[in-house]
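Given as structure tokens, the chain that follows is alone and in the form predicted on its own.
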């Protein structure tokens, strides 16, 4: 615990003497907006340690569901609303918001912060013009989780690199409706960061892309049609009831309670699934690379949830003290000691993966690290594309485009319209957006 407290004090000294001043007359309040994912809930729970070490800083939390958080933060920062001092954003927002000068730069880290320990691909994804604008809290790729006991009962042997056709066959064998077990769980809740994260990797590996090199959308292409038909058929035949309402957290709950034979989603779920205190399948859990189809390119994503300071904040020094504390080696060690080593924020620091306690508790550690290193946002599609991002398109318009297309895909999943109609509508809507934005005429 002493180590956990030592860094913030050093950090504040590097950023501001005002915050450390013993003569500070009153406490400064930081409003922290974050997503309701497990790692952030732990951060909120442990943040009393930060406040105890910083009696001149109070924390106020705004914890929201992913889609709602993004809407609130985007509105606030675009209007210079100033409601928040620390924002939880991701690999998509950081470079775009930094270019618009909506975020405070973070190039003056404390000496003890050990920035060289941060994984370079993750930091690069949060940077603009070579300068970081957010600090990674945790990072992830995607992978496949499966129930080893169900596979054994069904006589299935996991392959070194599973394919989506294999997954479909396996899902039919391991599902058990009488016991409430679906063959496979996948994201169905609409949103560019929900169903479209998984769906875009499915399109990538089927050989599709969002845009050609002239920024013409290709959502009604053969590759998209194959991928979405496969996705809809797979979930309708072997998925859980109400799949269109399930995002990351809902599927995590289903899988950890033994209700899914397989699940393809974020590597960051591994720690919770391997924790016997939180998962009924901790002793039955197997893992494998994310499935592929026509090409391995873009079959697994790269993402980081990170902490940033909006330019509108009036408490930037205190905010820097908090985000350096929450992303430090010492914070990770504190989580390991208090919550268990499978619960530490993954994917951000080399030292996490060199830690013997983490290696012993997390058999997936090296697998996850390699998946993060292999995901390439600059080469994620079979044909060339004009954008960066594996499960995202790194342009400001993608937030609305991705959510709108996600709603169309969800409508196809629920049977409100055919896949062909959904993709035709999505193509027209996306083309209209790109014309208005000036990408195409």
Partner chain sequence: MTKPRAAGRTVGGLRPLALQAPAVTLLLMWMLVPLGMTLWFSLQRYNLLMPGMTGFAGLENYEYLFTDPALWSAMGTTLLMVGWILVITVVGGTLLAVLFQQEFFGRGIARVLVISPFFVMPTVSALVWKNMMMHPANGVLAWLAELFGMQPVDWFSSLPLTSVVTIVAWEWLPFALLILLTAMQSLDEDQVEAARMDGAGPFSIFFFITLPHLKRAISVVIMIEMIFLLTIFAEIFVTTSGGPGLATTNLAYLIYLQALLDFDVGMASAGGVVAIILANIVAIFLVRMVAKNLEE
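Heads up, when I say rigid core I mean the largest set of C-alphas that superpose within 1.5 Å between the two forms. Residue numbers count along the first chain shown, from 1. Here the structure is a predicted model, which is why all the values come from computation and not from measurement.
Just so you know, the form predicted in complex with its partner chain exists too; it's not on screen, but the next bit is about it.
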Within 4.5 Å of its partner chain in the predicted bound form by heavy atoms, the stretch out of 108 to 116, 68 to 76, 134 to 142, 313 to 321 is 68 to 76
Picking from 29, 44, 36, 414, the single residue whose non-hydrogen atoms come within 4.5 angstroms of its partner chain in the predicted bound form is 414
Checking 393, 375, 410, 57 against its partner chain in the predicted bound form, the residue with a non-hydrogen atom inside 4.5 angstroms turns out to be 410
Open item on the list: Each of 242, 428 and 437 having a non-hydrogen atom within 4.5 Å of its partner chain in the predicted bound form: is that the case here?
Closed with: yes
| message | Contact with its partner chain in the predicted bound form for residue 403, defined as at least one heavy atom pair within 4.5 Å: yes or no? | response | yes
Can you tell me if residue 100 lies within 4.5 angstroms of its partner chain in the predicted bound form, counting non-hydrogen atoms only? yes
* Would you please decide whether residue 379 lies within 4.5 angstroms of its partner chain in the predicted bound form, comparing each non-hydrogen atom pair? => no
| Taking heavy atoms only, is residue 388 within 4.5 angstroms of its partner chain in the predicted bound form? | no
message: After core superposition, I'd like to know whether residue 376 moves between this form and the one not shown (criterion: C-alpha shift of 2 angstroms or more).
response: no
Residue 65: after superposing the rigid core, is there a C-alpha shift of 2 Å or more between this form and the one not shown?
yes
Original post:
With both forms fit on the core, is the shift of the CA atom of residue 102 between this form and the one not shown 2 Å or larger?
Top reply: yes
